[in-house]
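One chain comes next, on its own, written out as structure tokens in the form predicted alone.
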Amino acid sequence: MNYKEKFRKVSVLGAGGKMGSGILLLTAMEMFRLARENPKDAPLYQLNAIDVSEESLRGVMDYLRGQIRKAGEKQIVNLRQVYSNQADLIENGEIIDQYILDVMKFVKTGTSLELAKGSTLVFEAVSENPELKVKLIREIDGDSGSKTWYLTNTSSIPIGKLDKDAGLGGRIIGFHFYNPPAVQRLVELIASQKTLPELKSFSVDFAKAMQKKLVPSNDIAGFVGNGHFMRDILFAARQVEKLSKDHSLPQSIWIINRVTQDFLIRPMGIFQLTDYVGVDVCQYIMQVMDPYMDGENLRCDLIDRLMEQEVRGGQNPDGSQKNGILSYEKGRITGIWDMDKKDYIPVDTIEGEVAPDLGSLPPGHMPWKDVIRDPDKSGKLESYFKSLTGEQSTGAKLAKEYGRNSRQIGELLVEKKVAASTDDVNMVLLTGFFHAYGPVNNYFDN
């Protein structure tokens, strides 16, 4: 079965979630492209959007229409050529409306797994729970000698384990989109020792068709992205514990979040990023990874204590940030969670108390947003970090220590053969996490 034929019947599990809806969108648009190459085959394509929530499925259909419209507006010149043989389509708006209809006609929604049985491809994007993933896959696959291929969006669970527990014989691969899939250019590709070569080849072709940057990871729990991110959180938690000897816990959290965002020029501080992903999600990923990490303890006391108080973070259905370690108002940080008071302390109060202790940002500092847009980004970063290296303020010292540890994590991932090279580690952090520079660099040699 060739590349095109593999799209004849595709199912997306967890289609109502942020990851599933993005995967659904990209797959529908790829189906449209394939169908236009051979229009008589268009009726043969089917895309099943499957989720436990009917409300979520209604929402995802609205999401698809909106995103397809945006995509159509960006490629209207190409669409005019695509629809050049339809004389009734004159105005741009008419062409885009037809494009939306043509992409949407592939999609069928439902809450039953019966829809997925007999699929040529199944994209699995349910919660990061190995037991749930295996249960669903086994129910779809059944005992009928299915030849379905499975692309799982897991960000931490070894593919070999899923393959073995679901009895797939190599018909599964890790295809880890970053959030949101429609925007993020990175995909981590994780093949187990048994993954079929033709499935791996298909996955590479699919990534190319979507114009994604593909980074391979060996089949080791957490892979490259979470292999770095989870260890980054653990180091941040240890730094908070040290600082808490002289500061309150909210003050210590604020300090490390400020250092990681501003002094290290990242798009978010480490605790804001943890909230974005979800404190509960991070805890679960650590629990999944921990049994596989010989000589390392990936359990985080700070995360566990936050979860005991139901501090979860994550995102609302409209994409806005839920309160977590930090509280938010229209995307702006407004408070830090106090475990003793079980309430948020206003961030302005904390900043006024401890910002002077950190010291000023080193000369040459530029906010992350300005750095990534600067045509001389490399030169500006080199100059800034040279300046940072010479500073002896508390903030600068913490930043240098944090930067060195981040580099060590990147080198560890290569040493443990998770990543093939430090270039791959850097690419994941640059592309998947939007960092301005990779963790393995020469900025923190001293």
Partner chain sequence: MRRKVYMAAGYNTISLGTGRKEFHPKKPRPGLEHYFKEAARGTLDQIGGAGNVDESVVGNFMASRFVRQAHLNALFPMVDAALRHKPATRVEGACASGGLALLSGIRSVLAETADVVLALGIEVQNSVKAVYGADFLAMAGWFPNRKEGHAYFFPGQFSDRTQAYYDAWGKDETRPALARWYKNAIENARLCPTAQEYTNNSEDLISLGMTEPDAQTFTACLNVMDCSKVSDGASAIAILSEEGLKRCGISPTDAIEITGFGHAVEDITQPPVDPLELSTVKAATTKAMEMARITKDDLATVETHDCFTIAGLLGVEALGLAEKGKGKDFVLEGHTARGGKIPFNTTGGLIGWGHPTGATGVHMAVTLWEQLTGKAGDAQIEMPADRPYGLSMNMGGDDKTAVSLIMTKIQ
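Positions refer to the first chain, counted from 1. All values derive from a computational prediction rather than experimental measurement.
One more form of this protein, predicted together with the partner chain, exists but is not displayed; see below.
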| query | finding |
| --- | --- |
| Triple contact flag Ala191, Leu214 and Asp219 to the partner chain in the predicted complex, non-hydrogen atom at 4.5 angstroms | no |
| Contact test in the predicted complex: Arg69 vs the partner chain, heavy atoms, 4.5 Å | yes |
| 4.5 angstroms heavy atom contact with the partner chain in the predicted complex for Glu308 | no |
| Residue contact check: Ser248 to the partner chain in the predicted complex, 4.5 Å heavy atom | no |
| Gln86 within 4.5 Å of the partner chain in the predicted complex, heavy atoms | yes |
| Asp343, Asp376, Glu131, Glu91 - the one with a heavy atom within 4.5 Å of the partner chain in the predicted complex | Glu91 |
| The single option of Ile76, Ala182, Met339, Val371 touching the partner chain in the predicted complex, heavy atom within 4.5 Å | Ile76 |
| Proximity to the partner chain in the predicted complex (heavy atom, within 4.5 Å), stretch among 114-122, 92-100, 164-172, 270-278 | 92-100 |
